[in-house]
Structure formats: structure tokens, C-alpha cells
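Here we start with a single chain on its own, the form predicted on its own, put down as C-alpha cells.
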């Protein structure tokens, strides 16, 4: 459980997520990393180029900061501290409680990410230079995928977790593993005693 509580702290070192845009006019794909507390370019000036390109279809600029960048680091530190306390207490039932807490937090984070992407891709400026419509006549949205790949006009958008996200995921799974191991040890010691 000790390892499970420490792994999410990898988010302070490595990116959580990466969004990449491939298109014929960009021999080197444009991309941005999403960290626990900011956005960064995959290649120099990628976010600036994404903002310039998206401006033509009425999308908002990618902000330098969002409220989640203040909340998320506090949540990860708090959950790691709770996880460490649970590890030192050593009651395997609490390992499951921490696992459930982390799943709820990550689900809320993914839902927030989806809402942010949806707003970013659908709340378009009606005075945009270029307007695109779907076959049914509705205004086309430009929402990148939450997870996976998707075609958006002549772009292929990719959205996948990065090393920080994998550290978080492995930490959560490790806590579940610790729970099952603790439960098995308790059960075998009960049979012996």
C-alpha cells in the first residue's frame, strides 16, 4: 500500500495526458501535454499554433491556467498522505477504501476533462472566419476525443495518458492488489489460528 500511495506523486514529475493533432499541412504533428498544474508544448510553439489555427473556426484559446490546476495538486497530495497513513495503519480494509476514493476522484477528473473538451470544441464564436456544418445543417463541433483517436476535418486527433497518468493508474491498481493480498493473509492467519 505504501507504493500505491507514492505512485500518484509521479504526476508532479511527468505529464498526465497528451493531445496530438496530425494533418498534411503539419509535417510535425502539433501537440500539447497536460500536467498536474499546467499545459506545455510537445514541440516549441505548438500551443500557440493550435490557438492560431483554432481561432479561425471560432474556438477559444487554450488558457494558460484553469481552476483545476490549483485543485488537482492539492487532491493528489492529500490522497497520497491519506494513503500513507492507511499503509502505516496496515488494515487491508482501508486499502479498499483508498482504492474507491481514488477511482471516484479519477472518474470526476475524467468527467471534468470531458466537459472541458466539449465546451472547448462546441462553444464556438458565431463571428468566426470559417464555419463548418454537419450534413444535417447543425454547426460542426471540434471536440478532441477523451481517449483514443478521431478525425476532425483533415486532422487526426489523438488523446492518450502519459507517464504521470500511468503512475496514477498503477498506484490505484496497486492499492487493489494490496487489499487482496491483505485479505488473503488475514484469511490464512485466521485458519491457522
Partner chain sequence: MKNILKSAVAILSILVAFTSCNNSSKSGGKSGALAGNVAEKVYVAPGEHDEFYAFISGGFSGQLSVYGLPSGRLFKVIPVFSQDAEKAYGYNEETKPMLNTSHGFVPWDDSHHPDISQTNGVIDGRWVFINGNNTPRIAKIDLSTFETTEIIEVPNSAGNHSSSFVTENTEYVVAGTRFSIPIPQKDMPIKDYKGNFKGALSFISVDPEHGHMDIKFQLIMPGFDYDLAHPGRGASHGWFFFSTYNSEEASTLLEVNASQNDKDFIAAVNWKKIEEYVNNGGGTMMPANYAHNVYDESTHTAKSTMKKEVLVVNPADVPGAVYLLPTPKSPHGCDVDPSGEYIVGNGKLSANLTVHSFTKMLNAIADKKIAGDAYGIPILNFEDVLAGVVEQPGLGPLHTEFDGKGNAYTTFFISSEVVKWKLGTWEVVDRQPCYYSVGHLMIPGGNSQKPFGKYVVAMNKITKDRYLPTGPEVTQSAQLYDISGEKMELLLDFPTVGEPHYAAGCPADLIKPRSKKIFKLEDNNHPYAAKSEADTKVVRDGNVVHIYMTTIRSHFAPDNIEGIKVGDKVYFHITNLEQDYDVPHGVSIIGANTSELLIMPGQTETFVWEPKQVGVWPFYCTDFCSALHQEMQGYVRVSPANSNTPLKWSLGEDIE
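Numbering follows the first chain given and starts at 1. Keep in mind that what you see is a predicted model, and the values were worked out from it rather than measured.
Keep in mind that the form predicted together with the partner chain is not shown, yet the notes after this line are about it.
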Quiz prompt | 4.5 Å heavy atom contact, residue 37 to the partner chain in the predicted bound form | solution = no
Quiz item: Does the 4.5 Å heavy atom contact test between residue 66 and the partner chain in the predicted bound form come out positive?
Solution: no
Self-check item: Partner proximity in the predicted bound form: residue 153 to the partner chain, non-hydrogen atom cutoff 4.5 Å
Solution: no
Practice problem: Find out whether any non-hydrogen atom of residue 53 is located within 4.5 angstroms of the partner chain in the predicted bound form, and reply yes or no. | Solution: yes
Exercise. Just give me the single entry in 159, 162, 143, 49 that has a non-hydrogen atom within 4.5 angstroms of the partner chain in the predicted bound form.
Key: 49
Quiz item: Any chance 85, 99 and 187 all have a heavy atom within 4.5 Å of the partner chain in the predicted bound form?
Solution: no
Quiz item: Thinking of the partner chain in the predicted bound form, which stretch from 66 to 74, 164 to 172, 145 to 153, 125 to 133 has heavy atoms inside 4.5 Å of it?
Solution: 125 to 133
